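Next up is one chain by itself, shown in structure tokens, the form predicted on its own.
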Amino acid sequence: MENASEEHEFLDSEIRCSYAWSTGEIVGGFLEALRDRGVILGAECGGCGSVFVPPQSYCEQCGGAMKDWREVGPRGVVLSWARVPEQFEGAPLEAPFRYVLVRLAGADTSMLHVTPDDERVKTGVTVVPEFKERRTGAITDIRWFVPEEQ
């Protein structure tokens, strides 16, 4: 049997789907505290006591369920960072800026966020969150982390 040559037509298009999702009790509580009180909460594991920020419903260390909320920070230490010199689609800020991995005081995990493009932002530097004046219950209610003034 001979291979018949097939012609294909291609359509270049984009499909968009609107959706809504529930944050659930754990993430919802975290976002509500950001919005209503301007504080960062971690979830404490009922098994080993580890504090997770951002919070999650189970512990990655021991598999235990989260039992309590703990206010963490506001100070944190930069564990790692990366400078973003040019704008890209979907960027959380106008470039240049920096992504930072921050370990907040009282937390056993780190959270990824952003900082302004500030030469003082480097590994080991203490940073604090700068909250937006008008908050909506999103991680972006923390505008960014900035170096703590000495």
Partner chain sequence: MARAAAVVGTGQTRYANRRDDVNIPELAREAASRAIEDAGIDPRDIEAVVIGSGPEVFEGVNRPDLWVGSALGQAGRPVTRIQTGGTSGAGATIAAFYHVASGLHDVVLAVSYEKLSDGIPSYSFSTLSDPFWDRGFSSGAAPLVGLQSCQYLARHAPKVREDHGAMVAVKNRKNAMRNPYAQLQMEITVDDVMNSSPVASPIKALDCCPLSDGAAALVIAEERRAKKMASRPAWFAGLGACSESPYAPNIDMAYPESCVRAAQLAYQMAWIYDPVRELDVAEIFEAFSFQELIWTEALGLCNPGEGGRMVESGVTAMEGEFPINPSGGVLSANPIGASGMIRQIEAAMQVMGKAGAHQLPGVRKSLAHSWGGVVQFSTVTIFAGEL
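Quantities reported herein were computed from a predicted structural model and do not represent experimental measurements. Positions refer to the first chain, counted from 1.
The discussion below concerns the form predicted together with the partner chain, not included here.
- In the predicted complex, Thr126 stays away from the partner chain, with no heavy atom inside 4.5 Å.
- For the chain shown alone, Ala105 is not a contact residue for the partner chain in the predicted complex, no non-hydrogen atom being within 4.5 angstroms.
- Taking non-hydrogen atoms only, Glu25 approaches the partner chain to within 4.5 angstroms in the predicted complex.
- Residue contact check for Ala95: none of its heavy atoms lie within 4.5 Å of the partner chain in the predicted complex.
- Residues of 33-58 placing a heavy atom within 4.5 Å of the partner chain in the predicted complex, in sequence order: Gln56, Ser57, Tyr58.
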